[in-house]
Structure formats: structure tokens, C-alpha cells
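Here you get one chain, nothing else, as C-alpha cells; it is the form predicted on its own.
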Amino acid sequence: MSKFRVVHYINQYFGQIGGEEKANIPPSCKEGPVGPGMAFKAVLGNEAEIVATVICGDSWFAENMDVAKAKVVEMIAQHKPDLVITGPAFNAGRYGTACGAVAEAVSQELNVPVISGMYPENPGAEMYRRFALIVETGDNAAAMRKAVPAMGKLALKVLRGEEVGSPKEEGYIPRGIRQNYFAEERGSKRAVDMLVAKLKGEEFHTEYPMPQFDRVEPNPAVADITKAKIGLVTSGGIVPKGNPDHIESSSASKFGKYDIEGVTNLTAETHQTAHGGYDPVYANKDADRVLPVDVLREMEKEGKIGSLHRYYYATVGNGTAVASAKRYAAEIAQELKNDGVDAVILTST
């Protein structure tokens, strides 16, 4: 009996090409397993083999999404796979988004199943969970030893045509798909049993978990806005011309801090947007449309606000992981507090 054919998609780092300095490489294909593919080879054993590995730089994929998907799918299709593995991407936002986008294209265009692996807060997990079985992993590559066996086990189950159990049973991230089944006990009894367990402080599991959202209590109103120092923070990607900090157009791995002392207007010659999630034309013509420095300078001159803070902070919200955004917010907020900023205007796109 011939082995099942598997194609593996990975980024430039796991493809052993290089780190961030090689993130702009276009897709390429190598025969057989590469990098983590060698670990998958051991897990897949004699039942399946990685016949090819497609490698693409994270930045190149993010900045050329449609072209990247088409090229990667074309390379994958040439090897006639029975299954595709993407990642694992852990909590790397750009990598996770690329793995998810490949999964979507492969499942829809080639009708081939996809197994991936991501940390639950990776934006790729939320965006593309419907198109792949995404095994839940740790948040960094140190979790590779646990991720590969779990992904490989699920891959073999799919290849054999065996029934795949629930997310809890199999260890993959819930896909938002409801499936009817016959329970041994009627719903009223199950509900009462859960309530009794909860009242006793015992462990119980809901049959319909609800999403978890942060609740942020609003701060008190500014006592006197005419004396307040106002800060500017944006997720719209407004950066000095040339994007000196190389903030990514998607799944940003950093934020920037920029001096606007004496600046009254953001022009096409001095500023631009690094954001890849909206049409940049109007923002590039006049960045004040996203970051209103010109209006705030007028208000400062007219005495409607006390002053505009010397620095503004910028990142890109497009596909950026929630965990990363929280970390940026904590760092930025602390700096603003240290600088005596009284209020912040947060702009998006």
C-alpha cells in the first residue's frame, strides 16, 4: 500500500533560510521534509510522507496576500497531496495568518484537508479556524515537541478517514461548527446537574461556552481640557516617510514612537501609512486624516486644549494578535503616564 502524500507549508525561519532579514522572500518549494518536517516524518511513520515543503517569507506573504496564496496553492497542487500541514505557527501573527490563508485556499480550491497548529490568541486561529483543524499549541517554538505529535496524530486520523471527535477530545481549536448528537440524558437533567455541581464548587463543563471579552472601566472625565496635555496613539499605521522602524503591514510585531515637536501638519512628503488592511491612498496623501495633528495644533493655538504631547505612538492593527496589542498598550500607557499626559486620543482606520 502506497503512503499518503503530505505537503508542508512553513515560513522562512522554519525553512532554515533566515530570520526577519529574510522575511521578504517569495514562495519556493523543496522536495521532502524541511526543518520541523523532519519531526513530522517521525510521527507520520510508514503511513504518510511529506513529499514537498513550500516555504515563503512572512512579510512577502502579508504584503502580497492574493499573489502569495495563488503561488503557494499552485506549488502544493503540483504534488497532488492527500493532506496539507501548515505550521505550527504558535503565536507568530504574520506566520499564523499565512498558515490560515493557505489553509483556506487549499481547502476551497483543492478540496484537500488541512492540519495546522497555533496558540489560541494567534489572529490566524480566529480568522481561519473554519478552514483547518488547528491544534492548540503553546505560544512559542519551545512547544514544538508537544505540537508536532498532536498535529501528526490528528493528521493520520484524517488521512485514514476516521471520525474526528470534538475539540475537547482531539485538542483542536473550536471551529464554531455545531453538530447534532444523541445524548444519554435529556437537556433539563444535564442543566440541573451542571447547576448543582456549580453550587457545590465542583468541576463542570458547559455545553455552550461563551466568548470572553475584556471589560474596561472608563476613566473619569478630564477636569479642564483647556489645561490638559493630549497624547496621540494610532493603530492606523501612520509613520514617518520610509517607515524607519519597519512596522509590518499586518500582524505587527512592534510599535513606533515619533517626535512631532514643532510639526503642524503631516504631509505626503513627511509621513505615510504602513497599514496593509485598508486603501492607503488617502492616508498617504494626508496622514492627518488618520492622525489629526493639524486639527490639534489649531486647538492648541486657540487654547481649547493645554498642549499636544511631543511624541505620538503608532502600530498596525491589521491581524495583530490580541496578546501583542495588550503588551503594546501597557508599555505605551506607562510612558504616557510618566510624561504627564492627561488624556489620549486613539485613532484607527
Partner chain sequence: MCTIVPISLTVGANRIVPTVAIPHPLGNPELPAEEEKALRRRLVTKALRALTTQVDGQTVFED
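Fair warning: this is a prediction, and the values are worked out from it, not measured in the lab. By rigid core we mean the largest C-alpha set that fits within 1.5 Å across both forms. Numbering follows the first chain given and starts at 1.
The same protein has a further form, the form predicted together with its partner chain, not shown here; the description that follows concerns it.
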Close approach of residue 77 to its partner chain in the predicted bound form, 4.5 Å, heavy atom: no
Contact flag, residue 54 vs its partner chain in the predicted bound form, heavy atom cut 4.5 Å: no
Heavy atom of residue 66 within 4.5 Å of its partner chain in the predicted bound form: no
Residue 111, heavy atom within 4.5 angstroms of its partner chain in the predicted bound form: no
Contact test, all of 214, 290 and 296, partner its partner chain in the predicted bound form, heavy atom 4.5 Å: yes
Single option in 206, 179, 219, 188 placed near its partner chain in the predicted bound form, where near means a heavy atom within 4.5 Å: 219
Contact segment among 281 to 289, 66 to 74, 313 to 321, 43 to 51, judged by heavy atoms lying within 4.5 Å of its partner chain in the predicted bound form: 281 to 289
Within 4.5 Å of its partner chain in the predicted bound form: residues from 304 to 326 (heavy atom criterion): 304, 305
Rigid core superposition, residue 230 Cα moves 2 angstroms or more between this form and the one not shown: yes
C-alpha of residue 50 moved at least 2 Å between this form and the one not shown on rigid core: no
Core-aligned C-alpha movement of residue 26 between this form and the one not shown reaching 2 Å: no
Cα separation of residue 287 and residue 67 in the predicted bound form versus here, shift of 3 Å or more: farther
